[in-house]
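Below you will find one chain, with nothing else, as structure tokens; this is the form predicted on its own, and questions on how it binds or moves follow later.
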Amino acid sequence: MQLSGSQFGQISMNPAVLKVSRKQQKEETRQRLIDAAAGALASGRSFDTLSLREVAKLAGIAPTSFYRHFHDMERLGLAMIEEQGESLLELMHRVREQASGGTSLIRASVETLFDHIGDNQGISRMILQESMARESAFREAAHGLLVTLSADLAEFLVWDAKERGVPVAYPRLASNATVAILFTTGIALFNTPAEHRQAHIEATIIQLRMLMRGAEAMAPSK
């Protein structure tokens, strides 16, 4: 069926279609700002050295347009941490599902997380630095992210131990130590020569296996 000019105009100017288009455009611009800031951080800079004007320029928008997406730079930083947290949780859940097929869960987790940290150096470094920094909104958000990852892992450790029919003690302490080791080692790999990278990965896998064996060995016998 061929549309008349007036009919085509009615469809092209459909308010619902325009609303979706504007919303999508806004989300894409918002993501460009996040990606621009993360890219700037990848060079080793700290978040507080970034300016609103610089991030806007890197994202390809006017500085005044920044405020359509974030109230200020602090809100941008918090959004970056929140997005990274969601991404990490989704990633780890996917790894656990895949590892159920017989792949070593610890090895798969280490290698996958290190690759992710390497691909997101700026925000990964920011999370670790801010989690140990002075009191701030960033510190609270970064620390909260690590706590969430640890709690999620502890819950999985309890479930996994039950599935395998083995005891486990102090799952939260074990998960806290695991998350700390993964982040600090993963970020340390940024400056590790390529020829030494695999040795650090293998050492981390051994550390985590020792941690898990210790948690199982310390469980009270029935």
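This is a predicted model, so every value here is computed, not measured. We number the residues from 1 along the sequence you see.
Keep in mind the form predicted together with another copy of the chain is missing from the figure; the text below concerns it.
Stretch-level contact check against another copy of the chain in the predicted bound form with heavy atoms at 4.5 Å: of 159-167, 61-69, 27-35, 174-182, the positive one is 174-182.
Think of it this way: in the predicted bound form, another copy of the chain has a heavy atom of just one of 89, 137, 151, 133 within 4.5 Å, and the residue is 133. With a 4.5 Å cutoff on heavy atoms, residue 121 counts as touching another copy of the chain in the predicted bound form.
Contact between residue 209 and another copy of the chain in the predicted bound form is found at the 4.5 Å heavy atom cutoff. Another copy of the chain in the predicted bound form comes within 4.5 Å of no heavy atom belonging to residue 155. Residue 213 belongs to the set of residues with a heavy atom inside 4.5 Å of another copy of the chain in the predicted bound form.
Along 45-68, these residues reach a heavy atom to within 4.5 Å of another copy of the chain in the predicted bound form: 46, 48, 49.
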